[in-house]
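The chain below stands alone and is given as structure tokens, in the form predicted alone.
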């Protein structure tokens, strides 16, 4: 957990009446406050709803009772004394009313629909709220950062009219997850890993984020986005770069982010005529999950009957640098799959088969869900008179029962208030990621995704991405 200066500051949540604020931001702030981790930071909610402060506080309290299992009214009352509410739109004239309410150091969190990010950044800047005189000013932007390469570049240009890049914090909550951060620590704090962390020893890397949920009321956004935009371009690309990057010489935000960008720049381009060999898309039909029948995507409320939206996406990437040349990285994510299951799985190359009569390979697995654990799949002698082998799993849960459990948003809110940008995205990370996936997006503008049954492993076509001898790990049964 970051150590935050005790300097007084203000966090302004723009879009404070929305879903992100009620489900994630205020529960995170509440838990930090209950743990005495929240600094001397006042909170201002800002939204278009013409509410009184009492109405806003009642709204937040009601949702805390729903989403926070350890809700304590005494804690809430003391936290509520730090919260105020201002009604207004995204014009500079309206945002100017924040000037007299905030401290010299202030963070503006855009909890808004993505199409409003540029308007909000420009409105704040035009109102003079981006200017740093006696303190710092920071802008937190949620994903998605653009819709494709061109829109991401256009958004960056709009933001940079008033905000310097070092003031901008592009948040991807996967970077706040304990498993994600532990990937870096485990890699670079253990000397025995570095000699084998390359294509000489690593046969393949699989990154899987599987969901059992459907669109869950998000159809307006999701039917325009799909799995490639919603998950692969941001969340899984971040896991990919952290797995593939070279060891930084020092723990510095810019050094770390430069190493991530170097990975993306080294990714082999996917040519238009190769998309089917490097990417697969699917769309779920009706099926059964956990013994319950569920509808197909086209039967979901609000979804057009001719929708070609991908609810499953998989890509194969090659990093053409000295460390990884020849090793495939497979990334996949989908909705209505067999299990909610997330992992980064690294397979080492087989040992020579002559010694034990068969090929044996090891896996190093970083599990993110349902448990946070590191597994080493190894081999040992099977009991008995014969010299035979059997697979063993060395499992290491790295959270203890008595340790505090911080959510991703708690971690990242504290990092943003501290001013540590290591776990936030730089503009060129975003644009390089879009560049890699642009040929896939263009190809998928035509045709239809492959159907797959809800509750399954996903579309059969994902297997065509695998090179001979490789196969996808089973979701939820590993």
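These figures come from a predicted structure and were not determined experimentally. Positions refer to the first chain, counted from 1.
The protein also exists as the form predicted in complex with a small molecule; that form is not presented, and the subsequent description refers to it.
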| item | value |
| --- | --- |
| Proximity of residue 218 to the small molecule in the predicted complex, heavy atoms at 4.5 Å | yes |
| Contact label in the predicted complex: residue 231 to the small molecule, heavy atom within 4.5 Å | yes |
| The small molecule contact at residue 174 in the predicted complex, heavy atom, 4.5 Å | yes |
| 4.5 angstroms heavy atom contact with the small molecule in the predicted complex for residue 335 | yes |
| Heavy atom within 4.5 Å of the small molecule in the predicted complex - the one residue of 259, 143, 203, 137 that qualifies | 143 |
| Single option in 375, 347, 148, 211 placed near the small molecule in the predicted complex, where near means a heavy atom within 4.5 Å | 211 |
| Among 96-104, 223-231, 151-159, 251-259, the region lying within 4.5 Å of the small molecule in the predicted complex by heavy atom distance | 223-231 |
